[in-house]
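A single chain, nothing else alongside it, follows as structure tokens in the form predicted on its own.
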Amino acid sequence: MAMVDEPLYPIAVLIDELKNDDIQLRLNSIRRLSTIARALGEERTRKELIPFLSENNDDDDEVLLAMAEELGVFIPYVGGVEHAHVLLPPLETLCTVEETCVRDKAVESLCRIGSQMRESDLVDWYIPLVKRLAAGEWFTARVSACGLFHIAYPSAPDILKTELRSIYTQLCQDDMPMVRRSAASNLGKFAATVEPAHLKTDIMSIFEDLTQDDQDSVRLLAVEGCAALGKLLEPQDCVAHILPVIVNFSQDKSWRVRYMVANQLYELCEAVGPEPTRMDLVPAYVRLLRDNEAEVRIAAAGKVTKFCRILNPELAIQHILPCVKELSSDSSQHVRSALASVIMGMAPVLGKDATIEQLLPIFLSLLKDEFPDVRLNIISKLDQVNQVIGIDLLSQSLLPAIVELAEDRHWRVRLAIIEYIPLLASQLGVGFFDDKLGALCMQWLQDKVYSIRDAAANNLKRLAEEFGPEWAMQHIIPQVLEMINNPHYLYRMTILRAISLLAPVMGSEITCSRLLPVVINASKDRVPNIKFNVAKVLQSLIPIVDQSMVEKTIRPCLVELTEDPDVDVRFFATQAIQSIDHVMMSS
């Protein structure tokens, strides 16, 4: 082994491993390419390693994917930007393989390398590569070529630019739908690099061809092009060329195309400007909100607030609100859920009167929806309505529904209500809270679901922070401490959790006089889980109570627990004692 010339050894191992039957060895070898390139040095990497990789026709897609990824960051290992072109041949080969994810990664790496290459090298090496791929016999090469034009075009001389535009036009008219799809999805990137004069002529004619393609998969990608091109064109050109296309697409025979329009409509409105939006796109949007396909209605409903922001309130009330009312009782729960997630945002747009008259009834109907997701989406955005209509109205109309949801059979709905309670409490004020919601907060501590009990304990802490220790002392602490005698150990554990959370808020005095005795008492519990949780709680109380209390009350209790028959109890008690010793040492 010592006789082997050292620099040759890594490449020999690499070659052996790359030809190994075990895919894992081949993968490891590819992932170590940068290490091997460093060992070989720049010149030998260019002359030996890269040609070897170009010839290596591994049939496993995972290996090829790893190779495409590695080569994208390989410029430093071949001697910097001036030698970057040597990386193009192996990536060109990878651009023609059948597996889509390998081709996509190879295109991504080629774009990364091309964006760093010198202008002269792009003309000499990169543009010929794009032309070769675009003329490839197999469709995979042509699909890959579409993703490289935006890198090749800017540095090309005028003659080549004309040629590249004409090649792209041919790709948009290719016999294979996959090639046309790739050309349609990359059109926006390519158009961004084309000069304004050619944008109106060449690119717009390409775009118009794609919008009339017989394959819906090509047309729906052209919808994305609408928004990208709209941002590049002057507003008047946008209205002349893009707006008619959007309106046609919103009535396309394929629901997938209509779905894409519904998804992209807000961006399209931004592209064409406010006036055409009011004139042409409002009717198109209303059609999408009433589409016979649920998927299209879902996409349109999810954009309702964003769309209303572009319009003035009168237009929104006149055209969009009637559709919203229909959608709130839509036959598809997913449509109602999409609407519920955004409808609250309409309140600030429409103003107080319209919200009270028109939106509140819709909120209430969605709050009583049979599907939990719909109810959840409304609850989580209640604060947006409160800012508009004020807490009095909110509490009169929505509070009964909230109280009902607090006992909802779906635990996620109960959880959402709990998380909303502190915000509601701060808005309602202490008097209102005590009357209506206080009992609920205690009730949740004895819920069947752990997540609810845990959230309820956190909720009590946040309420104590909101209303202050005196209020908590009157309204929370007595009820919480009463529950420590619950016959079920899981509920007793929840109370210990609540005590550990409340103690920092309540301060040293109340902790020592009211909370600590309850915890000490719980250390005599017959259930080991309670006892080791007592040890954890005592550890959390050490920084809160004063030193004498630690020595007089906490340490003796923990020492007793260190002799418990249960191993976990002993472990946590010992950990807590170490914590006391650490505090003593540092003070």
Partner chain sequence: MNGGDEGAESAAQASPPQPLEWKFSQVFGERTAGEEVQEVDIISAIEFDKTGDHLATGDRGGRVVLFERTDTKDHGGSRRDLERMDYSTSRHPEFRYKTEFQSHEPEFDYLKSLEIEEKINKIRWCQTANGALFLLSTNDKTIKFWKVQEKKVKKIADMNVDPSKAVGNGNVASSSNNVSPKPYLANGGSPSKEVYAHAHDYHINSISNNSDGETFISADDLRINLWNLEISNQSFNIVDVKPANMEDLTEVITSAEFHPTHCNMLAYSSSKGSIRLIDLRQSALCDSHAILFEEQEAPGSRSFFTEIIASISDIKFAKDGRHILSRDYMTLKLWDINMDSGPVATFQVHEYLRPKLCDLYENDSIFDKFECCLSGDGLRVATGSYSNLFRVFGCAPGSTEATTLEASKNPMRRQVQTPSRPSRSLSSITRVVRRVDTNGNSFDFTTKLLHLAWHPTENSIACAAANSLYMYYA
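Numbering follows the first chain given and starts at 1. Quick caveat: nothing in here was measured; it's all calculated off a predicted structure.
Below: the form predicted in complex with its partner chain, not depicted.
Novice: Can any non-hydrogen atom of His488 be found within 4.5 angstroms of its partner chain in the model of the complex?
Specialist: No.
Novice: Under a 4.5 Å heavy atom criterion, is Ser155 part of the interface with its partner chain in the model of the complex?
Specialist: No, Ser155 stays farther than 4.5 Å from its partner chain in the model of the complex.
Novice: May I ask you to state whether Ser337 is within 4.5 Å of its partner chain in the model of the complex, using heavy atom distances?
Specialist: Residue-level check for Ser337: no, no contact with its partner chain.
Novice: Does at least one non-hydrogen atom of Gln215 fall within 4.5 angstroms of its partner chain in the model of the complex?
Specialist: The answer is yes: Gln215 has a heavy atom within 4.5 Å of its partner chain.
Novice: Trp125, Phe371, Trp411, Trp255: which sits within 4.5 Å of its partner chain in the model of the complex by any heavy atom?
Specialist: Filtering the options by heavy-atom distance leaves Trp255.
Novice: Quick check on this chain: which one of Val342, Ile510, Leu364, Met178 has a heavy atom within 4.5 Å of its partner chain in the model of the complex?
Specialist: Only one option qualifies, and that one is Met178.
Novice: Report yes if all three of Tyr168, Asp202 and Asp237 come within 4.5 Å of its partner chain in the model of the complex by some heavy atom, otherwise no.
Specialist: The answer is no; none of Tyr168, Asp202 and Asp237 reaches its partner chain.
Novice: With the partner removed from view, which of 500-508, 403-411, 300-308, 247-255 is the stretch that lies within 4.5 Å of its partner chain in the model of the complex, judged by heavy atom distances?
Specialist: Selected stretch: 247-255.
Novice: Taking its partner chain in the model of the complex, which residues along 120-142 bring a heavy atom to within 4.5 Å of it?
Specialist: Read in sequence order, the residues that approach its partner chain (within 4.5 Å, in the model of the complex) are Trp138, Phe139, Thr140.
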